[in-house]
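Take a look at this single chain in structure tokens; it is the form predicted alone.
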């Protein structure tokens, strides 16, 4: 696909969407993060865990998943990069990007916890981008 000013503008919009979405997740704003998904979205984020479905289901899944971190000073940062977008005729956007999950503990060097490929379908509602679906594939450990 060739680059055009319209594609460059869309790319910047997707990058900003991801920045705000992942900073919300990393700061523990789980409801705000869930709100970046459509009401009927599907989110598959952890091997061996069933995908979460619907915005309310995504929020409940995230709350359950994050309970393990309640008494842990661990901070997690999600880094999205190498974003490739493909606008579709129906108005959705197929997005594939690399993601690194970095664990940060007090007094220790940051550690890469996971390397992943993120497969998204983005859509618009009220002029805003939302995730219709997200599937996270983890790279195998070497």
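Residue numbers count along the first chain shown, from 1. Since this is a predicted model, take the numbers as computed values, not measurements.
Beyond the structure shown, there is the form predicted in complex with another copy of the chain, which is absent from this document and is the topic of what follows.
Colleague: Tell me, please, which stretch of 59-67, 43-51, 102-110, 30-38 lies within 4.5 angstroms of another copy of the chain in the predicted bound form when heavy atoms are compared?
Modeller: Among the listed stretches, the partner-contacting one is 102-110.
Colleague: So in the predicted bound form, is another copy of the chain close enough to residue 136 to count as touching (4.5 Å, heavy atoms)?
Modeller: Result no; residue 136 lies far from another copy of the chain in the predicted bound form.
Colleague: Any chance residue 20 has a heavy atom within 4.5 Å of another copy of the chain in the predicted bound form?
Modeller: Result yes; residue 20 sits at the interface with another copy of the chain in the predicted bound form.
Colleague: Is there a heavy atom of residue 92 lying 4.5 Å or less from a heavy atom of another copy of the chain in the predicted bound form?
Modeller: It does not: once another copy of the chain is placed as it appears in the predicted bound form, residue 92 has no heavy atom within 4.5 Å of it.
Colleague: Residue 88: heavy atom within 4.5 Å of another copy of the chain in the predicted bound form?
Modeller: Outside the cut-off, so no.
Colleague: Can you tell me which bits of 112-132 touch another copy of the chain in the predicted bound form, meaning any heavy atom within 4.5 Å?
Modeller: Residues within 4.5 Å: 112, 113, 114, 115, 117, 127, 128.
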